[in-house]
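Single chain ahead, by itself, as structure tokens, in the form predicted on its own.
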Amino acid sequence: MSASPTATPAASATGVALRVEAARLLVAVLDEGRSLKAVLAERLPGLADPRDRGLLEAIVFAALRHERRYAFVLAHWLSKPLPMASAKDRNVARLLLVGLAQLDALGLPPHAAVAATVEAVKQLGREGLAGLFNAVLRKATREAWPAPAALAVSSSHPDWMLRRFAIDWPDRVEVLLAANNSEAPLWLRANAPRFSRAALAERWRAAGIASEPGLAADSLRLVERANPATLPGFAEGAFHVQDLAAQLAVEALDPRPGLRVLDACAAPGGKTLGLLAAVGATGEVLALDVDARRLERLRGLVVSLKPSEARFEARLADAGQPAGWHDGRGFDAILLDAPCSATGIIRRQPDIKVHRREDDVAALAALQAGLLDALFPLLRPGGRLLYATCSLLRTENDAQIAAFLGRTPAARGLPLDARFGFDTGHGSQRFPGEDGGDGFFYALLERRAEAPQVSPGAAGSSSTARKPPPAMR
């Protein structure tokens, strides 16, 4: 094995510290079971330089996207696994993932990546492993990597997820896997009607920032990634971050001015903003969520962006138990963005591949069914409910809706046009990467005009299992 490289400008103190922090973030996600979104929210703000934040985020995302393949490669190259007994051991072991991610997925200059990663080993107090790290990472730059025979390993997906994709979408498996491992674009929604998409795009163009409109009426995709807080209009509340597919959910429901609308699982609040804009000054929106912190952030978002003068209330409540919050008045429209497996947004949350378990799906499907049964009776006759998930699994999507329609004579499904994706027969499925958007499912349900409305106490009495598994939305 060759000697460890000496510190170079490429292995600056900042660069070494970033690699150490990346390893610690991976330990938090892979070994402590924490969500990537949560740990990034805690630790990214501590980095003053946006370039450092961007590099740290890119390394961690790449390592998680390809973790299973990297583990396979390391198992072939190491004579024995690195120890994982102590916190320091785990930080050091995860540094190898950091190194491979820089060389493979990110394509960073090998000398800089290797030097900074080896120096990080020393900073963690494992100087004796510096030579091993140097040899392994140099090997990664010079030799062909061992190729896994199993598709689940080469694509870094859990076996069960690949199996479900193969059952549900046999002609799309490899496309779905590749999309899940790709980088998601940055989508923004113009805060209409206060700010128009065209005016916002022109303002950015004048500042040298290129953008493209999407299928949703107020959507814009940045051609090159940027920190939204640095864009013209951010301080004025001219836009907010929201994926194309999530924006389309409000358009599928198509709420009109003056309507009373329920946003049943509302946080983080992007769809709530779209609903408020749609119903206008004469409308009313009630937003519910079971998480107090997320609901408070939603309130702050609505106050800062103020999309319309509509009556608005955000309430901490379990949407599946209407007896605890419903006042007896019917809703003209309900948006149910249901908790789900989140298999359609893996490119944005790659830790879903780590945290999600197959038995979560059955529990989530039961939760979704309970929410549908509880909320649909709260519609006024002729009212509409939009059921949406960010899942690719038919158990949570068209099979869920088929079962609901089978047990609910008062409900009927309504068609959606081609913007909303592939017609499954009981809803529309969008796949990750299509038109640049996330994977999403939509089903539009109407309450038959002749159907009687039930009392609030009768709905939701059989709802079960209110707390979903983590890292889903």
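It should be emphasised that the depicted structure is a prediction, and the values quoted were computed from it without experimental measurement. The first residue of the sequence shown is number 1, and the count goes up from there.
Absent from the display: the form predicted together with a small molecule. The rest refers to it.
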Discussion item. At 4.5 Å between heavy atoms, only one of the stretches 159-167, 225-233, 319-327, 86-94 reaches the small molecule in the predicted bound form; which one is it?
Written reply: 319-327
Worksheet item: Does any heavy atom of residue 291 come within 4.5 Å of a heavy atom of the small molecule in the predicted bound form?
Response: yes
Item to complete: With heavy atoms only and a cut-off of 4.5 Å, decide whether residue 271 touches the small molecule in the predicted bound form.
Response: yes
Item to complete: Report yes if any heavy atom of residue 379 sits within 4.5 Å of a heavy atom of the small molecule in the predicted bound form; otherwise report no.
Response: no
Item to complete: Classify residue 218 as contacting or not contacting the small molecule in the predicted bound form by the rule of any non-hydrogen atom within 4.5 angstroms, answering yes or no.
Response: no
Response to the item:
Partner-free chain; cross-checking the small molecule in the predicted bound form, the single residue of 118, 245, 346, 264 with a heavy atom within 4.5 Å is 264
Response to the item:
Answer key: of 73, 393, 371, 108, within 4.5 Å of the small molecule in the predicted bound form (heavy atoms) is 371
